[in-house]
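Take a look at this single chain in structure tokens; it is the form predicted on its own.
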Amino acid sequence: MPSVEQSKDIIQRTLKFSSAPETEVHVGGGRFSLTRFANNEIHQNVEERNLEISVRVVLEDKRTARATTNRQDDAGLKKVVEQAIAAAKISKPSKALPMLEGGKEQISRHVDEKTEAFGAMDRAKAVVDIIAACKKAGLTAAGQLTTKRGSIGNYGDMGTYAIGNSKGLFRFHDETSTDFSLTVMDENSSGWSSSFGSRISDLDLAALTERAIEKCKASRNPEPVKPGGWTVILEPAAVASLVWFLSGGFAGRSYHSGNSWSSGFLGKSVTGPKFELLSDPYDPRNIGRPFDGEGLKTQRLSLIEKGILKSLTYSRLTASKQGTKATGHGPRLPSSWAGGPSSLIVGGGKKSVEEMIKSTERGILVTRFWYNRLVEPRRVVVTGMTRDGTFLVEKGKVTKGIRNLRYNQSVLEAFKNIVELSAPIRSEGMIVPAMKLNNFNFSSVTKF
């Protein structure tokens, strides 16, 4: 990711080539490094470095368009501006608002030098230790360890981490992050663990490896149980899978168009009182970009409070149409996406997973879900399967591994049946607790 001064230089050099009344420049990119392993061997060790410069222009008649390049030289910047102007001339007039005025610069940095310096050999050495522990247990390991700097992500996806425009606005954000996922397999069982952080020191790889090994061993020779309504203890990764399906419902544009599960429920109960959801990019556990695609500062929002839908996210355009204030959750324009919350945090409680198990007469402990799909948008009915450690709980103890189950469940209804919550942790891109729920619907048993 370019530095503050390098980003300013790119933006200023780009702006000087534009004759449009309004011009906006986005800069993104950085470094993404990955070590992937399977069958107890490292099979992929890659690193990508890239830069994206994206230019939007608005002409006198409000025609607007965007063009993108990864060239930083003057010839490349001049060409991308010309492409944006040419595309705008053949576009329909837009309803976009004038670009934001300048004012005070907004700069945020959350870069860990050790994570930045954690290279291919460091990742390889860490993975070798993980594989050795799995081999010692007679098991097979597969997974990945990544480090990232800037806005570049998996498979080359790049977002915006610097914005400047012809009205003097400048925004900048930079961060490091790391991600680890491990699946441990035996003949008829598997175990899994995962962790994410802004620093490589956030990952306790030895403990995560031992956790996955223990789950794999404990779930050997799984037995089937009857589907139906069960008391479940969902570990954080499983909870996060369900919460993601709610996230799109908070966009103001979708709400007011009647296309969202949330439409008509602002100020009303949508889940049980034990469920709370925040959007907060300033929480140190969950640092995110503190401005939206137009450069507007992102607001901290209480989305669901004690089960009641309290807030929606608004882009500048939607807010102006609805006579309310923008929240800094708008997309990069032009866009067909309605926007939505970022940096999600689910409220937690004081119970541990072990305490939830002890208080359960008969239930199912779920490590995670996979292959999750939306079935019925209006009620947020989702289907998917358990994976990598599903266990029967009887009389306060985990007694055996069970075959994986397919679930078919309204997320809103599930969160009406919360019994207990743990302290939230970082999992699957958000801060989320484990949950004990009643009457969670499993529709069938799988063959493995």
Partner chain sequence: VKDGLFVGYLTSRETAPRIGLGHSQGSMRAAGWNRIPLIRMNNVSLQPGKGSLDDLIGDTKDGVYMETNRSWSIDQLRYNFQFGCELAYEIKNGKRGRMLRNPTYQGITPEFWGSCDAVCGPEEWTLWGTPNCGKGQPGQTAATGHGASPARFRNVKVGVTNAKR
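None of these values were measured; they are calculated from a predicted model. Residue numbers count along the first chain shown, from 1.
Below: the form predicted in complex with its partner chain, not depicted.
Residues of just one listed stretch (23-31, 392-400, 375-383, 52-60) have heavy atoms within 4.5 Å of its partner chain in the predicted bound form: 375-383. Every residue of the trio Asn154, Ser181 and Phe265 has some heavy atom no more than 4.5 Å from its partner chain in the predicted bound form. A heavy atom within 4.5 Å of its partner chain in the predicted bound form is found for exactly one of Tyr161, Tyr314, Phe275, Trp261: Trp261. At the 4.5 Å threshold, heavy atoms of Thr69 stay clear of its partner chain in the predicted bound form, well away from it. Although the partner is absent here, Ser410 lies within 4.5 Å of its partner chain in the predicted bound form, judged by heavy atoms. Mapping the unseen interface onto this chain, Ser444 counts among the residues with a heavy atom inside 4.5 Å of its partner chain in the predicted bound form. The shortest heavy atom separation between Trp337 and its partner chain in the predicted bound form exceeds 4.5 Å. Contacts with its partner chain in the predicted bound form, taken as any heavy atom within 4.5 Å, map within 28-56 to Phe32, Leu34, Arg36, Gln44, Val46, Glu48, Asn50.
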